[in-house]
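Form predicted on its own, single chain, as C-alpha cells, below.
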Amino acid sequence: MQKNKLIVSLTSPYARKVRIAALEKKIDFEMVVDVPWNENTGVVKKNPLGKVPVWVATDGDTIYDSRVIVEFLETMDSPNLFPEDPKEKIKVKQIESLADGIMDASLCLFAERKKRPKELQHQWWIDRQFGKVHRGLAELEKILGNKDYFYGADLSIADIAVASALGYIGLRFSEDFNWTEKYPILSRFYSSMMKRHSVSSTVPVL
C-alpha cells in the first residue's frame, strides 16, 4: 500500500510544523527531503509555487501550504489540534498566523542576507523584517504569560507553530540576538516543548 509522503526541507519551519503535527497525531508518512533553493528541485512538480512542505496523500493527491496541510491532517486522526468551536478555533488560528508571520519575516531576512549579493542588500528592508520578528515575539510572550500552552490545557497547533518559529530563529539568527535571554517566557515554553519527541526529533539542521 502506498504511504503518505511529506516533502520537506530540513531547515523549513513550515515543514517542521507539519512534521510535528503528524507525529503528534501518529499519522504514518514517508519524509522526502528536497531543497527548494536548488535549481534541480522537484518540488515545483508538486507545488507550482515551488515551496515546501507538500503532503502527497496515499491516493496521489497533493496538498500544499502548511496551514492547509495541518487542517487536512486534523480530519484524519486524534488528538485534535484545533478546538471544535468555530470562534475558539479562530483564536488558535490567529496565534498560528502570528507564528507563521514571524517565519515569513525570518525567511525574508535569510533570503536578503544570504541569497542576495552584499552590495544589493537593503538595510531598511532587513530592519523592517527584524521589527516584525521582535514585535511578533513580544506579542507571543504577552499572550502566553504564565500559562503552559497558548490555548487551553493541552497542545494545539498554536503551540506547534510557535515552537517551529522559535527553532528557526535559533538556527538563523543566533549571531544577531539571543532570543532565549530576550524572551524568557518563550524560552521556558520552548524548553518544555522540547521534551516532546515530536519536537526534539524535528530540530532544524543545516
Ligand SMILES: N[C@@H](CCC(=O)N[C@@H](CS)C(=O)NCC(=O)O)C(=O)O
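So that there is no doubt, residue numbering starts at 1 and follows the sequence shown. Source: prediction; values computed, not measured.
One more form of this protein, predicted together with this ligand, exists but is not displayed; see below.
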* Asked: Pick from 61-69, 157-165, 176-184, 143-151: which stretch has non-hydrogen atoms within 4.5 Å of this ligand in the predicted complex?
  -> 61-69
* Asked: Should Lys51 be counted as a contact of this ligand in the predicted complex, where contact means heavy atoms within 4.5 Å?
  -> yes
* **Contact label in the predicted complex: Pro36 to this ligand, heavy atom within 4.5 Å** => yes
* Asked: With a 4.5 Å heavy atom cut-off, would you call Ile126 a contact of this ligand in the predicted complex?
  -> no
* To do: Let me know which residues along 10-45 have a heavy atom within 4.5 Å of this ligand in the predicted complex, or say none if there are none.
  => Ser12, Pro13, Tyr14, Pro36, Trp37
